[in-house]
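What follows is a single chain, given as structure tokens, in the form predicted on its own.
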């Protein structure tokens, strides 16, 4: 079996499962996010269900609307707190308590290698970064809360083998966008719809934050799961923070895949996704020079400490260009504290960034940090359809934290390899000068 199939089988108490099987996994955890709680609570109330099947397994998080910018948001916050009390949820992470539900549980050892969990939100695929499986239920999360399970069909798995190492100045988000573009253009023989994408090959170069970044594009293109075999570094992290015993899982050498492909990543350039979808990725050189008004670093794809530290290395000792506003949103409260402790928060503030509390930030349909008609944004959001940040005629580009930070300083989209960079540690000496003809002033 593949790693994902093994995890599903274990959750079902079965010796084996195969793609197409209809099964009822019993999850190790059930997650529900603030934007879904009011509707689910109303649905269960109408059915007369006031007790959850396993409240000790439930994790409720406030991450979509952390800042109450409207009366409706404040009302939803109150409804969430009331639901947590009524349902006797033991692990309720309200405003200021946790951060993004697809980030901090892996940091704190709540999501661990080999685990299976249900979530109402599709970005639970991030669990694959640590070698776990999270499955989206949408409104069917109400049934999971009430009964303890729900049926799923075991998905087929695709295997993508990565060969080589990313060059300096090229990051996991660049690779993820490139993979999405190759799939969309038919260069990789994959149909992601209700499939698990499994990564293989030269993976030790990717830390947890990078693996999270590589989970994002396939999710936006229909993948139901993403899976990384956990490396020794990932397992060391998991052992250090684990809140319960865990058993890592790996695919069998003779596991069956619907399709397999291999790509060489050594020559990859920084990528930018054009407006309309993460799969519209092109080399940054094709859009370099495009003026920007709005920038955002964060989201469940690029909000971990390492992501923001990379961005800080392009901001240290510099100022965001006049006319550009840059929002930085840590993925967790723990990351916020670490940025403060390491001096990187001061770097961000000195550069002129706007710091928002841990959570989704603008990525949640711009409930904060919206964009006006005709403006241009470059961000690390998970996707960029028209209207995601407000005005439907705004132009939304996606890039890595490095590309976004360097572009915010320049006031236009730039290749981060051409930008001056200072080591992310506060007080460290500047990095080597840029070699490209285009230099960010």
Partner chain sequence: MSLPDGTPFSWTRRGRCTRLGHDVPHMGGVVPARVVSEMRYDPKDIVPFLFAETDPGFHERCRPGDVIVTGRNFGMGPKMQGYIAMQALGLGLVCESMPFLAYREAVGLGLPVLTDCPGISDACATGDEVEVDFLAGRFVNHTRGTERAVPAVPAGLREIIALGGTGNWLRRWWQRQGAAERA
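This is a predicted model, so every value here is computed, not measured. Residue numbers count along the first chain shown, from 1.
The same protein has a further form, the form predicted in complex with the partner chain, not shown here; the description that follows concerns it.
query: Wondering, does residue 56 line up within 4.5 Å of the partner chain in the model of the complex on heavy atoms?
result: Outside the cut-off, so no.
Exercise: residue 241 in contact with the partner chain in the model of the complex, heavy atom 4.5 Å: No, residue 241 is distant from the partner.
query: Taking 4.5 angstroms as the cut-off for heavy atoms, does residue 256 touch the partner chain in the model of the complex?
result: No, no contact at 4.5 Å.
- prompt: With the partner left out of view, is residue 153 within 4.5 angstroms of the partner chain in the model of the complex by any non-hydrogen atom?
  reply: Yes, contact at 4.5 Å.
message: Counting any non-hydrogen atom inside 4.5 Å, which residue from 314, 199, 224, 116 sits next to the partner chain in the model of the complex?
response: Only one option qualifies, and that one is 224.
message: Please identify the residue among 73, 162, 146, 166 with any heavy atom within 4.5 Å of the partner chain in the model of the complex.
response: Selected residue: 146.
message: When the partner chain is placed as it is in the model of the complex, are 286, 339 and 408 each within 4.5 Å of it, taking any non-hydrogen atom of the residue?
response: Verified in the model of the complex; spot residues all out of contact, no.
query: Okay, which stretch from 44-52, 385-393, 28-36, 372-380 lines the partner chain in the model of the complex, with non-hydrogen atoms inside 4.5 Å?
result: Going through the listed ranges, the match is 44-52.
task: Using the arrangement in the model of the complex, list in sequence order the residues of 2-40 with any heavy atom within 4.5 angstroms of the partner chain.
output: In sequence order, 22, 24 come within 4.5 Å of the partner.
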